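One chain comes next, on its own, written out as structure tokens in the form predicted on its own.
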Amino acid sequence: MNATLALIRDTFREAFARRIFFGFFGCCTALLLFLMFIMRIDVIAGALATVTIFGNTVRGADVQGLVVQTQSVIAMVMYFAGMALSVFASAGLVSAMFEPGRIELLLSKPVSRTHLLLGRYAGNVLVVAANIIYLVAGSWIIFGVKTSIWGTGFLLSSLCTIFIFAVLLSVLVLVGVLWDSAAVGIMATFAIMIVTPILAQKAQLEKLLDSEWSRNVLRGLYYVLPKTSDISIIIRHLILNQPVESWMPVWSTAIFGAVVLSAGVWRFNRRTF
């Protein structure tokens, strides 16, 4: 446990040294301040009369609908923009571990390679998670204090965002172990982020393919790769208090992340430095 905490602490120190944590924190704080000033509430006779968000004004009876719709928009922006920013920031943290001189120092410690890699991985996830939770919890408190609406779906969206980042980080780790390249890791991860929303439209794409084997390849890619687009739909349903039709995108994406991270650990244990 002490070794794990030391690895996580080292990752946070590096994130602070590279100004990564401060960059995330600054962006999150700017968005929270923006939310504080663009939401105007009018109270008449002690009752909520109107709420104005992003220039849209509704009466008190419709406030909850406006709030959850606004929260879903914020969650979607945070989900996709957060993934992109987190990948850019974390790629440098992952590749830094394999720099000459740094990796030899880490390997000289009385810690197994598996423990070393997973400790750095956990630290990376926690750096991003701290900022995501800060942003979501801050937004939730702002909406709650100003409108007295305290839905839990918006809070759950932070867990989904952290989850999908943890899966994408496993790709960065595997690429880092194989090629020591932050650029290749970013390209591979962004390729997944671009391709998976396209694969989510497999029902329409299958109609455009004229052979069964190509349809099978399409289906195989859809079920194997992470389902970023489908998970964003689940987030929206959670915030809008709508039933989730299937949790398959979550557990299949989790399996992908576990397999890729295991492959990275396996290769790291057999690589010579």
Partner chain sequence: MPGYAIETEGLTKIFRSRWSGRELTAVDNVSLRVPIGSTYGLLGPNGAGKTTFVKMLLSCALPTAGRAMVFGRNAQETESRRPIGYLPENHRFPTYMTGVGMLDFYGALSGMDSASRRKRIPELLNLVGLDERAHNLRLGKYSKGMLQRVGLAQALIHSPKLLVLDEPSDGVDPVGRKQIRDVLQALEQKGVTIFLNSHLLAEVELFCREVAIIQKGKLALTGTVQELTSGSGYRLESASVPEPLETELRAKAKSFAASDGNLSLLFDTREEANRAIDQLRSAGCEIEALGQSRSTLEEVFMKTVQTQ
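Computed from a prediction, not measured in an experiment: that's the story for all the values here. Positions refer to the first chain, counted from 1.
FYI, the form predicted together with its partner chain isn't displayed, but the following is about it.
For residue 107, a non-hydrogen atom is located within 4.5 Å of its partner chain in the model of the complex, even though that partner is not displayed. Among residues of the shown chain, residue 258 is not one whose heavy atoms approach its partner chain to within 4.5 Å in the model of the complex. Although the partner is absent here, residue 201 sits far enough away that none of its heavy atoms falls within 4.5 Å of its partner chain in the model of the complex. Looking at residue 254, you'd find every heavy atom of it more than 4.5 angstroms from its partner chain in the model of the complex. Contacts of stretch 1-17 with its partner chain in the model of the complex, defined by any heavy atom lying within 4.5 Å, are made by 2, 3, 6, 7, 9, 10, 13, 14, 17, listed in sequence order.
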